[in-house]
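This document opens with one chain alone, in C-alpha cells, the form predicted on its own.
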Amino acid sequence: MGSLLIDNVTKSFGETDILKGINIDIQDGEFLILVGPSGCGKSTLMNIIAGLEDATSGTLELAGKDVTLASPKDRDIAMVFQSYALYPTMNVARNISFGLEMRKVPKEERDRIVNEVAKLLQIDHLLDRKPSQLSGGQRQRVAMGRALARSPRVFLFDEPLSNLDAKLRVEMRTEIKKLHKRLGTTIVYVTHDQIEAMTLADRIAVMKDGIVQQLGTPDEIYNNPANMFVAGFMGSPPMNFIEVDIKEGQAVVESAGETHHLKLPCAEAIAAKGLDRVVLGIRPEMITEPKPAPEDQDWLHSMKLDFDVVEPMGADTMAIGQWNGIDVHSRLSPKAGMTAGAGTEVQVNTAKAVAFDIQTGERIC
C-alpha cells in the first residue's frame, strides 16, 4: 500500500515560514500533482516527503506508519529529480542497478530487474551507453528506470520535464501517464506547468505562499476554482477577470461602446451577500464567434467586441478585446476568419461564469 498522509506539516527557515500547515491525504495508487508558482513551497514539501528536509512541525504517515523522523532510505520512496542526477561514468544498466547494488541484491536478480525496467521504458537498446551519449528524453527515462527498479511504495517526481523541449515534454507526459496506468503506484509530482497538472493528475493541490489554496480533481480546479488565484493560475490563457456592477442580478459590461447586461447563474448568491459590484470570471472558450444556439439559450448573449489583437494558434484563434476597459481573451475557431478591428460580433455563454469578492478574491459562487 502506498497511501501517504501529510498532517499539518509546517517548515520554517529562521523566521521565514515556507510551509504553513499542509494537510493532504493521498490515496494508494493516486497521481497527485503539487502545482504553483516558484517559491510557493512545493519543492520544499517534496523534500520533506522524501526525507531530505525535516518538517518544523506536523507528521507524515506512509501506509499507516509514521515516517516523520525516518531516514530517506527507510521510507520506501523513490525520487526522480529535475536534473536526472545520473552517474556520468556508469552506463545505463549500472545507473539503473546501482541502488540495488547498495542494497546487496544478488547480481542475477539485479540483471533481471534492469532488463524488465529497460524494456518497460523502451531503453533496453541503450543499456551499454553512458549518459553523455543520450538525449534529454533518454536520460529522463534512465532516471525513471532507476526509481522503478526499487519498486517503491511512492514515486516522487520533482519537475522532471522542465529541461526538455516542448515536443519532448508532451511525449514524456504521455509516457508517464502510461507508466502510472500500468503500475498503479502512488505518484506525487511537482510542477509549475499547469498543463502538466491538468493532463496528468488524479487530483491537484494548487499552492501559493506555503498554503494549499485548493485540492481537487482537474475538473473541479478548472470549473470550480476556490479563489481568483486558482482561477487565474489554471488555464491557458487564464480566466478573464472583469470588475462589473450588478443590477437586477445581471453583470453590466461595456463593450464596443455598448452596454450589455449578462445573466449570471449565481445571481442569487450575489444578492444574498448584498453586493452591487463583483469580479466576473469567465473562461476564454465561453466567448466565441456566433454559433448555432443550443436548446437552452438562457445563458447566451450576443454582443460586439473590438478586437485589438488576433493570434492564430492552429487549432484555435485567440483574440483580445476589452470589457469595461479590461483586456478580455476569447477563443475562436480558425474557420471564423476573425481579424482585428472594431465591432466584431461574438457570442458569450455565461453558463459557467463565476463571481469573486473584489476585496478578498474568494469565490462567491
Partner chain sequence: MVANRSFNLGRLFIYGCLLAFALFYLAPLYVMLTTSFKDIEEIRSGNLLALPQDPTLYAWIKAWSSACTGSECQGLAPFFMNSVKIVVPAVILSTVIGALNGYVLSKWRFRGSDLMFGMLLFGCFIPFQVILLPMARLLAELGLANTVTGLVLVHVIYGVAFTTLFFRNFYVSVPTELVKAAQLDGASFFQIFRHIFLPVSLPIFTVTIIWQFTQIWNDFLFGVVYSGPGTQPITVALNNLVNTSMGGKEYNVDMAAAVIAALPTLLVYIFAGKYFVRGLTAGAVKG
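The structure presented is a predicted model; accordingly, all values stated were derived computationally and were not measured. Positions refer to the first chain, counted from 1. So that the term is clear: the rigid core is the largest set of C-alpha atoms that superpose within 1.5 Å between two forms.
Quick note: we don't show the form predicted together with its partner chain, though the next part is all about it.
Visitor: So, a 4.5 angstroms cut-off on heavy atom distances: do all three of P88, R94 and R103 pass it with respect to its partner chain in the predicted complex?
Guide: Yes: each residue has a heavy atom within 4.5 Å of the partner.
Visitor: Within 4.5 Å, heavy atoms only, one stretch in 27-35, 45-53, 300-308, 334-342 touches its partner chain in the predicted complex. Which?
Guide: So the stretch in question is 45-53.
Visitor: Between G99, G136, G184, P238, only one gets a heavy atom within 4.5 angstroms of its partner chain in the predicted complex; which residue is that?
Guide: Residue within 4.5 Å of the partner: G99.
Visitor: Report the residue, out of R203, R150, R153, R169, that has at least one non-hydrogen atom within 4.5 angstroms of its partner chain in the predicted complex.
Guide: Exactly one residue meets the criterion: R150.
Visitor: When the contact criterion is heavy atoms within 4.5 Å, does N224 count as touching its partner chain in the predicted complex?
Guide: It does not: once its partner chain is placed as it appears in the predicted complex, N224 has no heavy atom within 4.5 Å of it.
Visitor: Mark R146 yes when one of its heavy atoms lies within 4.5 Å of a heavy atom of its partner chain in the predicted complex, and no otherwise.
Guide: Although its partner chain is absent here, R146 would touch it in the predicted complex, with heavy atoms inside 4.5 Å.
Visitor: Would K73 sit within 4.5 Å of its partner chain in the predicted complex, counting heavy atoms only?
Guide: Looking in the predicted complex, residue contacts with its partner chain include K73, since a heavy atom lies within 4.5 Å.
Visitor: Would L264 count as a contact of its partner chain in the predicted complex, using a 4.5 angstroms cut-off between non-hydrogen atoms?
Guide: Answer no; every heavy atom of L264 is more than 4.5 Å from its partner chain in the predicted complex.
Visitor: Does N224 count as moved between this form and the one not shown, where moved means a C-alpha shift of 2 angstroms or more after fitting the rigid core?
Guide: No; that C-alpha moves by less than 2 Å between this form and the one not shown.
Visitor: If the two forms are fitted on the core, does P106 show a Cα displacement reaching 2 angstroms between this form and the one not shown?
Guide: Superposed on the core, P106 moves its C-alpha less than 2 Å between this form and the one not shown.
Visitor: Relative to the superposed rigid core, does Y87 relocate between this form and the one not shown - that is, does its Cα move 2 Å or more?
Guide: Where the cores coincide, Y87 still shows a C-alpha shift between this form and the one not shown that is 2 Å or more.
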